[in-house]
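As a starting point, one isolated chain is supplied in structure tokens, in the form predicted on its own.
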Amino acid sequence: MINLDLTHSLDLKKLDSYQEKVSKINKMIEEKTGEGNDYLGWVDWPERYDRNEVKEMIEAAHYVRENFDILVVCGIGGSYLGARAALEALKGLKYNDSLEIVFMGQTFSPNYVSQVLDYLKGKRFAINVISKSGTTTETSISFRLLKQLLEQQVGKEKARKAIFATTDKEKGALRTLSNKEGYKTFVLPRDIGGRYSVLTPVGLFPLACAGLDIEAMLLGAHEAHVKYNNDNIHENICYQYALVRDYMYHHNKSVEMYVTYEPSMNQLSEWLKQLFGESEGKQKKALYPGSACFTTDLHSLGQLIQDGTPLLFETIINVLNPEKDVVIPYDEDNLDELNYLKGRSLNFVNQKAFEGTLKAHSEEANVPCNLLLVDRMDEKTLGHLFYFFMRACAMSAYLLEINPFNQPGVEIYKRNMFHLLGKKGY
């Protein structure tokens, strides 16, 4: 399903000394005894998820598709990034569907929020609000505005049937409101944090509404769980990737650049940046996660990567077989001198660009390049890939002796912001 090629990065023998640490940490992850173990619920989630809730999500998604033109996904961070990453990776940036997915609640930008609200006026839309607490400021403000608009357009009774809440099972502001108003709810498990929640209703319900096969995603994650619960570093590519990251960090590398060759995978890079950045960025440690989409960014960042700072390495996610392709035609005048490519597909060109860039960066610029090769992107593969990265992130963070599941630094900006806004108690 996916393969890791480290031949352009380092010699696997350099990782042999990690074996004892990996065996210890793998046991901690699987038995949920490591630091932050209250949030290790994602580890065996592909085995223990609620099958009935999945069926309910699929049924509710059918209802949304039949009765609405737009679903507004209202959430921030892990409450929207995974769903958006999966939606774009699987359906592309320009796709035709009877249901449009719009994202809100991830920003305070008055321009963005105003434009979305104006776009929704007079349209049939439903809302999927996602928040464990129900008090996340960006999401709560957007949900208040969306609910007001929806109730103005269709009335309170119909609005109740158009609002779907993903939140805590028992407590929190959003749970209280949902119980009071009778919203259909799905559970965000208490033992799974936001950035590890894409395979829960947080990501699965909006994806089901988009017409995607969420059961196949869970199957892919299940196969990944079985495959990567293995402490043999010569067999487990998930842990090999985590070890390469740790090795690079301790050998003068400070930036990991996630590289794709598909614009539709840009949001997957954003999800990865949150996953690794928020999980590891503590105690003045961690790699900085950056991203680039080639070949587009070769015309902006290419010079820097080739001849600039020696502090970065690349992790390239290359999908070998795209869902769609285009053939380059013959042109009689040939003023652009492209007839040497007549009859060739764009994927052929894209792959040759990948090969040429890999050679330039790894051999001539001495930039280590990890290759994650994906045969084709579908729901099952993406579910597998999500789990691969989450498990690798846990291993990588524990190697740094960091709790992967908290984010104490995030609370500092919130405290300052609430004080400046005049919130009681701040």
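We number the residues from 1 along the sequence you see. Being a predicted model, the structure only gives us computed values, none of them experimental.
Another form, the form predicted in complex with ligand PA5, is not on view; read the next lines as being about it.
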property: Segment that reaches ligand PA5 in the predicted complex - one of 110 to 118, 296 to 304, 248 to 256, 190 to 198, heavy atoms within 4.5 Å; result: 190 to 198
property: Ligand PA5: the contacting residue among 77, 281, 322, 289 in the predicted complex [heavy atom, 4.5 Å]; result: 77
property: Heavy atom within 4.5 Å of ligand PA5 in the predicted complex - residue from 318, 274, 264, 350; result: 274
property: Residue 407, heavy atom within 4.5 angstroms of ligand PA5 in the predicted complex; result: yes
property: Ligand PA5 contact at residue 142 in the predicted complex, heavy atom, 4.5 Å; result: no
property: Residue 132 within 4.5 Å of ligand PA5 in the predicted complex, heavy atoms; result: yes
property: Contact label in the predicted complex: residue 136 to ligand PA5, heavy atom within 4.5 Å; result: yes
